[in-house]
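Alright, here's a single protein chain in two forms, structure 1 and structure 2, each given by itself as structure tokens.
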Structure 1
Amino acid sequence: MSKDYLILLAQSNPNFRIAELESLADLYNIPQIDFSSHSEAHPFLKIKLDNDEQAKRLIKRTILTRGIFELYAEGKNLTELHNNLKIFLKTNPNILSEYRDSSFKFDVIGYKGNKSLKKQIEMIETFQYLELNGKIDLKNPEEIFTIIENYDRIDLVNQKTEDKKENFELFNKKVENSSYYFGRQVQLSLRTSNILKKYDLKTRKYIGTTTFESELSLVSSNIAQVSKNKLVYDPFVGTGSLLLTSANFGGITIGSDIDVRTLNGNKEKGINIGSNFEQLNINLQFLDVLAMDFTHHCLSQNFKIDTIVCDPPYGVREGLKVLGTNRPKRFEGKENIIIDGEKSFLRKDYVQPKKAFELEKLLDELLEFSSKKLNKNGRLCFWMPTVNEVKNEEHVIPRHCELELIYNMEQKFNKWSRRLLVYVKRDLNEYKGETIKLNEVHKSYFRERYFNGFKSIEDTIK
């Protein structure tokens, strides 16, 4: 028999919540969860699960939730909550018997408002009829019963006046329009245990100008279904943010980048990608970073990848480059130059020239590469920049016949967005999707738009 559970959601990046939950449910084999009551505007999500075990597996490593509770009752106010709880206990007389002798405490969680400690204690006292016989233990209780209050104060901000007294009355009026939940804490999330602080860029020693922020980096690793001893590869590793958060979830991480300087780190300060892993004590999970152009990759046949997660360069803040030269004439015959009896291109100090490349072409190559190197059901997750508020144009998302696009989620900035695109590698015998090559639709689209101040094509022609 399934039971009701309440997920408390975090308020940031609400459009990534369901993808994170679904990805973890899939990873941990929790079947058929109905998330259809979810609203991005609300911090609560009611679902049905078989047992606490499932709830723990689902929530434990989430970044976009705060925790999960077995839900016993809800109500528009405290009286209604109590009435519903009493009815629930009557129809389910044994629901609390397992916990009656456990040590316990009560928690009060307030949304958009908080009661004073005194009022909280008064409220907790009203639950005496639960007949919990265990001893109260505020430090290490076996069970935590939680009252969640949600003050619906959506209009309050607009109505706020200078008069403090008036505001207070307004507040009390609004409090009536709230909701209450009562449940038992089953699992708090990684977010609640302060993971964001651990991965905060402010405390990370080696970062660059385009280092990926920690929260969405952790979310990406969750949606990529990184798990213990799965092989994770980032072909645009930069300073290693996405590998770092993937190692947090037990992934074996390896990266490459065409920019040798970023990989070398700062030798004077002794900091580099590897030292970031050491700083967080997850260096066993870090294999190596290679100086490599992934369009001319060196990965061997036996090197099969479980997950690819990356943030390709957009060609805006940092140049987007691949091997080769834009001025082939200048390099004609240079392969014959000999220095000190050695071909110059075979010398240790030789620097391989690079040429500018289009983002669109690069992403097409990324999909092609992923279709070849990913294990079946492995995921490709990458961030792609798109232009906002453009008339008569749809965003074109690259597609590959062996990769099923399962998520396309947007993080909005002012005039542009970046999207997390998530694909699953399928077997051609079981799946045949369409192929859309970005480079054939529009070339150097994002870059031109960026430097145009994101004017639409019509405006540009004028």
Structure 2
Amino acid sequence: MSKDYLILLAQSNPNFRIAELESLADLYNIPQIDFSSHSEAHPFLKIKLDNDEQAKRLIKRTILTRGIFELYAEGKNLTELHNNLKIFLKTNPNILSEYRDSSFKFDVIGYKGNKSLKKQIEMIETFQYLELNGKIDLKNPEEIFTIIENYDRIDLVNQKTEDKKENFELFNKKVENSSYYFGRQVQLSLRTSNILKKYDLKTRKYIGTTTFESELSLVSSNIAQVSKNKLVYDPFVGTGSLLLTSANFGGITIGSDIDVRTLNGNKEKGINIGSNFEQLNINLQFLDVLAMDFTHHCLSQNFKIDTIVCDPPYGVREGLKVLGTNRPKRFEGKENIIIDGEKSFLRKDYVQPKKAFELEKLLDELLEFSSKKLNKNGRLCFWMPTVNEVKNEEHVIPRHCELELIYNMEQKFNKWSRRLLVYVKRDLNEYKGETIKLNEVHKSYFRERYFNGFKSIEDTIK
């Protein structure tokens, strides 16, 4: 028989919450969960699960939740909460039996407001009828019973006055609590263990101009279903932010980048990508990085990957380039240049000529590469820039017949967004999707438009 649980969600990146929860539920083989009651405007989500073990597996490594509670009762006010709780206990007389002699404490969580400590204690004392016989332990209790209050602030848009004191009083005035919840804490999330501080860019030894932020790096790794001993590849590794968070979840990480200077790091300070793994004590999860042009990769045909997670270059902070030249005649015959008895292009210090490359071509190649290298049900998870609010302009998403697009989530900035696109490698015998090559059907000219104030495509290519 299933039980009711309440997930307390983080208020950060709410449009990524369900994708993270669904991905982890699938990873840990938790049967289909109904998340349909989710609202991005609120931090509460009621679901049904079979047992606490499922709840723990679902929430333990999440970044966009704070915890999960076995839900006993709810109400629009404290009186209604108590009435509903008493009815619940009468209907389920044994629900607290295994916890009656356990050490415990009460916790009060407020959303959009908090009671004073004195009022919290007064409210906790109204639950004496639960007849909990265990020792009260505020530091290390075996069970934590939680009261969650959800306040709704008064809409002040049409109530502001010129009197600052009156405005202050209005701002701090609350209406009746819209809801109370009471339950037992089952599992706190990884977010509550200061994981964001641990991976904060400010604390890292080695970062660059394009280093990806820590929170969405961790979320990307969760949605990509990185897990213990899975091989994770980032073809545009940069300073390794996405590999770091993948290693945190037990992934065996490998990356590549065309910019050898980024891979070499700062030789004077003796720091590079590996320094961050050592700093966080996850260096055993780091295989290596390759100085390699992704579009001319040297990976074996039989080399298979479990997960690909990356943030391809947009050509804004760093230019989007591949090996080659737009002026081939200039390099004719240079392959025969000899330095110290060795052909120059075979030397370790040889710097290959590079040429500009279009983002659309790069993403098309990324999907084609992933279709060949990913193991069945492996995930491709990458970020793609799009332009916001341009009339008569459609956002075209790349597709591949062997890759099922399961998520398309947007992080909005001002005039542009970046989208987290997530694909799953399918067997052609079981799945046959459509193929959409961006380079053939839609060129966004993102870099050019970024620097001209995001004018229309027509104005950009004039």
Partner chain sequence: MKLITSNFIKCPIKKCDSSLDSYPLSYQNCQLVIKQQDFNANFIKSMLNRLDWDALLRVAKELGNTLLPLNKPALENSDQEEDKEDDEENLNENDLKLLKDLHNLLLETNIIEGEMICRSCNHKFYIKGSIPNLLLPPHLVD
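We call the rigid core whatever largest set of C-alpha positions still superposes within 1.5 Å between the two forms. Here, a residue number simply tells you its place in the sequence of structure 1, counted from 1. On a predicted model such as this, the values are computed, not experimentally measured, just so you know.
Of structures 1 and 2, which is the form predicted together with its partner chain?
Structure 1, not 2.
Determine, after fitting the two forms on their core, whether Gln301 shows a C-alpha shift of 2 Å or more between structure 1 and structure 2.
Yes.
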